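Just one chain is shown here, as structure tokens, and it is the form predicted on its own.
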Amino acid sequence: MTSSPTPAAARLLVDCLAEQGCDRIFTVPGESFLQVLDALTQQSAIDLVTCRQEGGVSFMACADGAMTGRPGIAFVTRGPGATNASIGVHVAMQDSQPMILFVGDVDSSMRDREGFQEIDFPAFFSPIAKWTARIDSADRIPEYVARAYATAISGRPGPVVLALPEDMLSRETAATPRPRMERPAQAPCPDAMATMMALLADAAAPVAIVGGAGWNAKAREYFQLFAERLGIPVATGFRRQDAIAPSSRVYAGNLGYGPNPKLVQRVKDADLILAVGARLGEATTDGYTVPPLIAPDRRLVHVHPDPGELNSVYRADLAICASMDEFAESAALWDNDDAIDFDAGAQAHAEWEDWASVHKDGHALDMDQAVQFMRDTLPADTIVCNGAGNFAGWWHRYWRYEGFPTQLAPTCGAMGYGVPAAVAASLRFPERTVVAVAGDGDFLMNGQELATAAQYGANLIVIVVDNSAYGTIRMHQEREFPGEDRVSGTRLANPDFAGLAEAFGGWSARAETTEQFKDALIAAKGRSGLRLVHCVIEVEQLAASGATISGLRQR
């Protein structure tokens, strides 16, 4: 049998990705883009990672984009593949992370007949993506790929979706790749910077809220220098806790769900809010109350790379459209003629240190103590990945996200993100310790990606916190409809998670007490590859805030 040569269009697409710096693609293969899969066998610069479900594919690509600042790349097939992958597109959009999803589409001659697995992808993805398009001409592949990269990384970063008609991938073309796209320079206006410094000089109780669109290591370094020089308290947005080093003398803790009450009050009382990168979305602001949406005596300086975000919800007294790193560098190097000096930063940091200190809670497996032991045992630059659920609150409160990047967590609250993100992180940073933390409900959303971890030799530790319940929903349930006879839909019957990990070829241990957890973590640290610790806790132990079922019922 004579084999067919790789079509020129498919080779061009892969070469365009390599030209843009793509070195890894996450996929579940589909017959709609066989030509691309074949072309990838001839492109040594790109590593192909085969996953077990398209939700895992898109979560891995989203996490990869968050770590590199370049779009994470995913390939899935039409219909079920695309709809499964849509969750990662939604996360990338709400989290402002660069990502490109390529979807194998139906043959052009079959379009608009509701053919096998056909979906109108521009219509389907447009509400949750920065740009969605279909490449109908092979000659225009370089244009579309370059535009996809430019769109994903510019302004507020986010996801792009490109549909690839099956027949288009088989065509001939003489087109060549376009040069690598870079993020456009966005330096802040000097007049705006001078106005900001004047507002800070007039303020009595300023607070900064940082982390978000386009935040990177340079932004972290320079903004920390700026904030420490002024002594201004710095809070991080929801699940943006690595935006500034927690060891900084002005770090005040994180906003979002379960923050330090003293920090919440400090933000509410601030006469000047400096929001840098943060969208000031619902989660960070606790429903637009921290800070209050309207406060006559408060000034707001909002710095964001997307002009459409400025003044969209909160009215800014000063709006600065700039990239995070260039703004932070300008602020750090600004000549402080007014000698602005606040002592509130040190006070706020001391309040956070007190709040984030671990105390014994009396449970057999004390999760506060478990996270403290992790801090004492694992490297400071450990990357912690989690999905959604009350379990994450223990790490949000007690873990110190000292390096960058060290926190991969969806701000949109998607379950099932932690394990795929950890696989992507372990492949991106094989020299670093990577930990996925998951609740029992959260883990089984994408636990099958342990197979991907094992297949590619990923080094990661998975910690499953098992209380046999959808704990977050159970907590809300007990607040609204307390009573054992009113528990509905939140109980879970779980497998042996330790045995499951072994079935995937990993090492595992079960922990029902704090001492067993400590022994298991030490044993896991001394090994490589896939390791899982199954932590069994009581459903009574609901959250890091100290909330318990009995306590909620008494209220």
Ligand SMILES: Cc1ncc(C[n+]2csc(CCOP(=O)(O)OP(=O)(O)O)c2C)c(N)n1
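Predicted model only: the values in this text are computed from it and were never measured. All residue numbers are counted from 1 along the displayed sequence.
What comes next is about the form predicted together with the ligand, which is not displayed.
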Could you tell me which stretch in 150-158, 289-297, 366-374, 411-419 has residues with non-hydrogen atoms within 4.5 Å of the ligand in the predicted complex?
-> 411-419
Proximity to the ligand in the predicted complex, single hit among I461, M445, V103, A453 (heavy atom within 4.5 Å) | M445
Partner-free chain; cross-checking the ligand in the predicted complex, the single residue of D440, E478, E309, D95 with a heavy atom within 4.5 Å is D440
Tell me, yes or no, whether L169 is in contact with the ligand in the predicted complex, where a contact means a heavy atom of each within 4.5 Å.
-> no
Using the partner position in the predicted complex, report whether I473 sits within 4.5 Å of the ligand, counting heavy atoms only.
-> yes
Does V434 reach the ligand in the predicted complex if we count a contact as any heavy atom within 4.5 Å?
-> no
With the partner left out of view, is F223 within 4.5 angstroms of the ligand in the predicted complex by any non-hydrogen atom?
-> no
In sequence order, which positions of 72-94 have a non-hydrogen atom within 4.5 Å of the ligand in the predicted complex?
-> I87
